[in-house]
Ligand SMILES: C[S@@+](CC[C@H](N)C(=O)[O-])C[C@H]1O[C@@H](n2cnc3c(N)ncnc32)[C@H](O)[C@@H]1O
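Encoded as structure tokens, the following chain is the form predicted alone, with no partner shown.
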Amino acid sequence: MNTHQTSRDREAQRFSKRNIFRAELIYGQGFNSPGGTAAIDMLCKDVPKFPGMSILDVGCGSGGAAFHFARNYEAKVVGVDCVAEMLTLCRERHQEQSHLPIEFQQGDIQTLPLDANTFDLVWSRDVFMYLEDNEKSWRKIYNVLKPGGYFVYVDFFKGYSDISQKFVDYMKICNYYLQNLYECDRLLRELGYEVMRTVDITAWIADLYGDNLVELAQNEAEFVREYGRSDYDHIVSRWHGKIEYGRQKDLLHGLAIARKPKE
């Protein structure tokens, strides 16, 4: 089997139960991306917060952000995800913390029956890079936001200029559909959002990956014992690749904060 086919096979298993737990060993329970709860707080620092606010977590994964919002923001949270294994794990964990006002729903944000003007904040991290067309999803999010509500969106983006063929091949393997930050800003405005910020956070994310690489190396024996040498080498290679693509300006990490206008 060639290297590209192996990579595609790995991507197809990205959200298997085994790989969910593998990611949590690296990033912490409930997380599939670096930074944990500290990253959430930093990325949402400009969003008004108040007890009882309603939050929609789009692509809630194994629940890290949803539980954090409910526990520390005193929010009512709806977490949605397409992956059944993720939702099963979220619901199992919620049984142990049933006092927290969280509801988990499986499905696509584009088609889930969510009421209009319901949420004060919609949060999403590392989700829309997998969708070929963001317009329908972002229109739905606009609809479910209350007037004055915020959409905080953190994701991968492609660079502004020509990107390397190697990175084009990488996007195909990963099933990424990346826009650049200008395209993101323009589409949000076209859909009626007030765009507060679109920010390149690549350097900050690269530092988080660097920290994760150090921690993973310190726990190499435990990781290899649990998941094998092949998985360890694969993850280290991916992280180094993302850091290098970031240096080349092929791959950016971006933050967009937008608001539905008040009526």
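Sequential numbering from 1, following the sequence displayed. What you see is a predicted model, and the numbers here were worked out from it, not measured in a lab.
Another form, the form predicted together with this ligand, is not on view; read the next lines as being about it.
Based on heavy atom distances of 4.5 Å or less, which listed stretch (125 to 133, 165 to 173, 93 to 101, 189 to 197) is in contact with this ligand in the predicted complex?
That would be 125 to 133.
Contact between residue 82 and this ligand in the predicted complex at 4.5 Å, heavy atoms?
Yes, contact at 4.5 Å.
Indicate whether this ligand has at least one heavy atom within 4.5 Å of a heavy atom of residue 223 in the predicted complex.
Result no; residue 223 lies far from this ligand in the predicted complex.
Using heavy atoms and a 4.5 Å limit, would one call residue 148 a contact residue for this ligand in the predicted complex?
Looking in the predicted complex, residue contacts with this ligand do not include residue 148, since no heavy atom lies within 4.5 Å.
Hey, in the predicted complex, is residue 108 touching this ligand, heavy atoms inside 4.5 Å?
Yes.
Any chance 15, 32 and 86 all have a heavy atom within 4.5 Å of this ligand in the predicted complex?
Yes: each residue has a heavy atom within 4.5 Å of the partner.
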